[in-house]
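This document starts with one chain, in the form predicted on its own, laid out as structure tokens.
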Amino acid sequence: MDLNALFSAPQFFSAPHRRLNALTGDWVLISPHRTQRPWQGQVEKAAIDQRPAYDPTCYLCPGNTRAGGVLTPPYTSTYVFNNDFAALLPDTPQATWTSKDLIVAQAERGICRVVCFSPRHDLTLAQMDLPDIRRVVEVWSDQYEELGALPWVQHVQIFENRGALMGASNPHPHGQIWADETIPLEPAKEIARCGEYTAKSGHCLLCDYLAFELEAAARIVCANDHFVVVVPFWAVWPFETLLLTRRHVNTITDLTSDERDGLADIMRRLPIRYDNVFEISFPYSMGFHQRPTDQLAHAELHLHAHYYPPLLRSATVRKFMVGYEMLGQPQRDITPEQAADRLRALPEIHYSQRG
């Protein structure tokens, strides 16, 4: 189908319609007629975040004491440690409970780690220098390799919850890594869909999708020589984005030195745009999906990262999954194309540094 005809079709911008998430098989309802001008109305401004570079009460700052009396060392770059309140434990004994195929439970082993991005308490990825973000990329790669090498670990999930709104218990810049004994639900859905697509077409689903987005140019937010950020055609969250490698690679460990530089670059530029939307430290959940560590090749899988930010119209107006969305299917008013236009138009100089 001609792309110009597709994106000039009235139903994509004015009439309710459903869009299929090619990665998961889920549907999202788009209702653009509900808000023809989504940026009207009150827009609250939050105060600029002015945290100190070092906080003596922060258990993630160098030299401070964590829960149980554990001392955080005086680290000067990135710092990784086993989560003091881990959701998964490596010594959980194996067990299964079942009754009439209705009541089923299984024990689950795992390892949960915290990655402090910087010793500075007052920085986010949007404000860190590129060499420092590059070191974070190296830590992610090393941790994926180390944890994935454990014979019982089948999946390594690298992610960041940014901001109290997303459940972050500490504002110090950090992310998490959870290594699971089984492959979690969302990656499992993507693995199944990507495998089906490759079996049918002989192609990588995300390689083909990226080629489509590059030609359409309707939802691209920013890009460099190695990565492209798009608001996916099937986006659910207001400013949801998908970070894709241009080259087909399975894991973060497959990235070349230049590609790792490119990842550091794009992972700074995108959060700057997010912060500039409402001139706040923009909350989001971000995570990588890559090849599981289950000893299978998974040649059909393509390294990518999802960003899920909840803010809708301002620093205080956000999107929740309620009512129809909890009982029926996800729904959004602002089209992915409108969200991409908004993000693409923003500068890549952080609002706190502008005069």
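Keep in mind it's a predicted model, so treat the numbers as computed, not measured. Throughout, we count residues from 1 along the sequence that is shown.
Heads up, the form predicted in complex with a small molecule isn't pictured, but that's what we're talking about next.
Of the candidate stretches 257 to 265, 150 to 158, 166 to 174, 227 to 235, only 166 to 174 has residues with heavy atoms within 4.5 Å of the small molecule in the predicted complex. Phe81 is the sole member of Phe81, Tyr197, Tyr75, Phe278 with a non-hydrogen atom lying within 4.5 angstroms of the small molecule in the predicted complex.
Of the listed positions (Val249, Ile183, Val114, Leu123), a single one reaches within 4.5 angstroms of the small molecule by any non-hydrogen atom in the predicted complex, namely Val114. Though the partner is left out of this view, Tyr308 does not reach within 4.5 Å of the small molecule in the predicted complex, counting heavy atoms only. In the predicted complex, at least one heavy atom of Phe85 sits within 4.5 Å of a heavy atom of the small molecule.
Among heavy atoms of Arg318, none comes within 4.5 Å of the small molecule in the predicted complex. Although the partner is absent here, Val322 lies well away from the small molecule in the predicted complex, with no heavy atom inside 4.5 Å.
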